[in-house]
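Take a look at this single chain in structure tokens; it is the form predicted alone.
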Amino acid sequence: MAIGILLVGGFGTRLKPLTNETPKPMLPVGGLPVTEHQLLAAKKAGINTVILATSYLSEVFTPYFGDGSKWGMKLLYAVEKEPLGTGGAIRNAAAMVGFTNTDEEFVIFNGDVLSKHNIAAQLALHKERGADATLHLIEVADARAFGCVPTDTTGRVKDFLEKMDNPVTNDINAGCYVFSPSVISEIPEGKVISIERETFPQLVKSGRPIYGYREQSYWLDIGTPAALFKGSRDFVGGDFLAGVGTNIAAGSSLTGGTSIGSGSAIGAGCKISNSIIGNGVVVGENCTITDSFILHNSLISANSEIIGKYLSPNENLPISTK
């Protein structure tokens, strides 16, 4: 069966200050880390071995995910001493399972994407076409902020173009790829390589069979605070969602797609809207929290008014979720 690689080593610069103390893929969306949503999607597609390609704050992942047995999966960790770029990270991670000695496909997930597309169908198309690489493509209204990927009538990729003012197509790279081992073997070892700017264009120019898998399913790049909050609201799908062991006292009102992690306590008379609250957070009575991110294990004093803030046990900073 295919082997998964999650690219979870990025700094998450556009998400600051949310990523000051937490790697981007570990930020909660609908009460679960982004990476956990991706693992569940991989598991649904029959992928049971996944390698987490980590770098920034790599020590945060292992205590939460362990060996993957909680999810019925096998998890491995490829830690980069220095960031290797997307291509270098893939090569480094695949080496953990001896990619030169396997004919299994690798499914690569960008760590900042939430997608509900059919990964199993993408894999099936890859095999049916005898492709070297198959990219999930999605159509957007404005492709200027993304890499666009023109294809011919058979779905074969004709070019791979990074961000441009006048995109030739609105089909964009959605951040999930199926690779045959031969593609990974061509990525230089131990070097900083961009899969988007170097590997994909070279593969296309050399005439390799590279195909697009087009599916217009739910998809979101959670690269900014506003996008992260939207993703969380989408997964909550209602006024609020609270994790296991969380207690919400009488008289509190939670609205706007608010999510609360596990083992938290919300005091009486609180009004909380469009906020993300982590695990083990204690909120005192009569607090107002709006458009805010409260990191795990924070303590909010009674009668606090928190609007548009990032709060942790160590920091109190403004954010914009609009």
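Keep in mind the model is a prediction, meaning the values are calculated, not measured. When you see a residue number, it is the position in the sequence shown, counting from 1.
Beyond what is shown, the protein has a form predicted together with a small molecule; the following relates to that form.
Enquirer: Mind telling me which stretch in 130-138, 208-216, 84-92, 161-169 gets its heavy atoms within 4.5 Å of the small molecule in the model of the complex?
Expert: In the other structure, the partner sits against 84-92.
Enquirer: Please tell me which of Ala42, Ile289, Ile294, Ala53 lies within 4.5 Å of the small molecule in the model of the complex, judged by heavy atoms.
Expert: In short, Ala53.
Enquirer: In the model of the complex, does Pro225 come within 4.5 Å of the small molecule, counting heavy atoms only?
Expert: The answer is no: Pro225 has no heavy atom within 4.5 Å of the small molecule.
Enquirer: Please check if Glu105 has a heavy atom lying within 4.5 Å of any heavy atom of the small molecule in the model of the complex.
Expert: Contact with the small molecule, no.
Enquirer: Since only the chain is shown here, I'm wondering whether Ile3 would be in contact with the small molecule in the model of the complex (any heavy atom pair within 4.5 Å).
Expert: Because no heavy atom of Ile3 falls inside 4.5 Å of the small molecule in the model of the complex, the answer is no.
Enquirer: Does Gly111 make contact with the small molecule in the model of the complex, using a 4.5 Å heavy atom cut-off?
Expert: Because a heavy atom of Gly111 falls inside 4.5 Å of the small molecule in the model of the complex, the answer is yes.
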